[in-house]
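Listed next as structure tokens is one chain, alone, in the form predicted on its own.
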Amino acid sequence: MEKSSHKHSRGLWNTRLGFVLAASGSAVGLGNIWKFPYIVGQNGGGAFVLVYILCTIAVGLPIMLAEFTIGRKTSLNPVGAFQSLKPDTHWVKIGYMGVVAGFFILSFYGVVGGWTLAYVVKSFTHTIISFSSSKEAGHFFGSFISNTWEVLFYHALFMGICVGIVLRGIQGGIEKACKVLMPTLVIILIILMFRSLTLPGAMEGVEFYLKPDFSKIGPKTILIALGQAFFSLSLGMGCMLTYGSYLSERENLASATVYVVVFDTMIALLVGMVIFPAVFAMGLQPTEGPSLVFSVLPTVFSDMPFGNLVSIIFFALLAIAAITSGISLLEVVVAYFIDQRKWSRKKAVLITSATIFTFGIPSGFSFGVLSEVKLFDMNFFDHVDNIASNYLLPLGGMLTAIFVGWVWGTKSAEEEIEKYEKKFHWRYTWGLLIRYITPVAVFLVFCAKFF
């Protein structure tokens, strides 16, 4: 009764659909829309896509189910969850890693989210489609991110939107927002996909994207696919554990996990069907790298009928993806202060968001007034990204898998999974993956960073 009362005082997802859309919104971010296409382009197209899907099933799905299970079992934030299951042990540090990772990632993610909002505005003013070459578009992007005060304004605007949503709580804020934002994102993607596919020469891009060339697959390709599958699902940063803590005790954890993974993967695959037909139709190279979205696509839009409208729609899509991930990252930090420090939601949201925004200012300035300030050839933005993405996330994910597989135990986890639902049909497969395959795979991804 005490746990049930605690659950309701924290808030619960109103519906399964609301939870799935919110969790998918956390997973669907700039990693799917900005990073996935250029990684596919640099690693051989269709063959990489196939390996990515397999890695998502073998690595992403088991850890996500583990995080949801821990969250629902404890009804607490990452720190409180591990403290509840293994009190006063070193395992509690996994929870702290998740909260710190959420803090770090949102501090620079808010900057990039601000870029997407700026490009929505600049699309409305016809600025984005005025470029005659990707070099010119790239120069404009470089000029924009070095404009210190403009970047700071859009960074603040992005954080303000996230604060406005998270302040309203789980049902009234995050769930309600994601019920609108996620279907809108899918509709926009489908519209853009049909527009790309109708361009002359688009089928060459479809062939590159969907026809596997297995000669392109090597150990490095597999490691990159593993890393992308892991990071694109928002694993290891406490988001899924925190969202799981707001689940009703009658929710089917296994099927909810599958829905979220399928939705996230579907979005990533749809994005590829938008990008590659358009890139090939315009005679550009799919191996452009990180500049693909901000430097290459504006050139594509400028040569496309109704290009300005398409530009507005695309960057609105980017902004929505960034916002749904941003609110989940903020909720991780907020939930810690609500649960562990007994702060009110309002106090937790306002203080943590202000602190995260302030910590993110040097990241926003990293391409402007602080562009020359570097340590080990990396600016402040790169260092924060490196610490969170290359250390905190893989370590958090790997240790969570080990914790569930060997410390708390798969038997305890399976009892929670099966508590209010029918038989957990793939329990043996999940147990094998979470104990042996997943930790080793994430460990390999982590070690690959040093070679």
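Don't overthink the numbering: it's just position in the shown sequence, from 1. All values reported here derive from a predicted model rather than from experimental measurement.
The same protein has a further form, the form predicted in complex with phenylalanine (PHE), not shown here; the description that follows concerns it.
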Check your understanding: Is Met282 close enough to touch phenylalanine (PHE) in the model of the complex, meaning at least one heavy atom pair within 4.5 Å?
Key -> no
Exercise for review: Give a yes or no for Val59: in the model of the complex, does one of its heavy atoms lie within 4.5 Å of a heavy atom belonging to phenylalanine (PHE)?
Suggested key: no
Check your understanding: Looking at the partner-bound form in the model of the complex, is Ser26 within 4.5 Å of phenylalanine (PHE) by any heavy atom?
Key -> yes
Review point. Does Ser234 make contact with phenylalanine (PHE) in the model of the complex, using a 4.5 Å heavy atom cut-off?
Key: yes
Point to revise | Options 178 to 186, 87 to 95, 324 to 332, 150 to 158; stretch whose heavy atom lies within 4.5 Å of phenylalanine (PHE) in the model of the complex | key: 324 to 332
Point to revise | Within 4.5 Å of phenylalanine (PHE) in the model of the complex, all of Asn32, Ile105 and Cys239 (non-hydrogen atom) | key: yes
Revision key, fill the gap. Of Tyr109, Tyr209, Tyr246, Phe380, the only residue with a heavy atom within 4.5 Å of phenylalanine (PHE) in the model of the complex is Tyr109
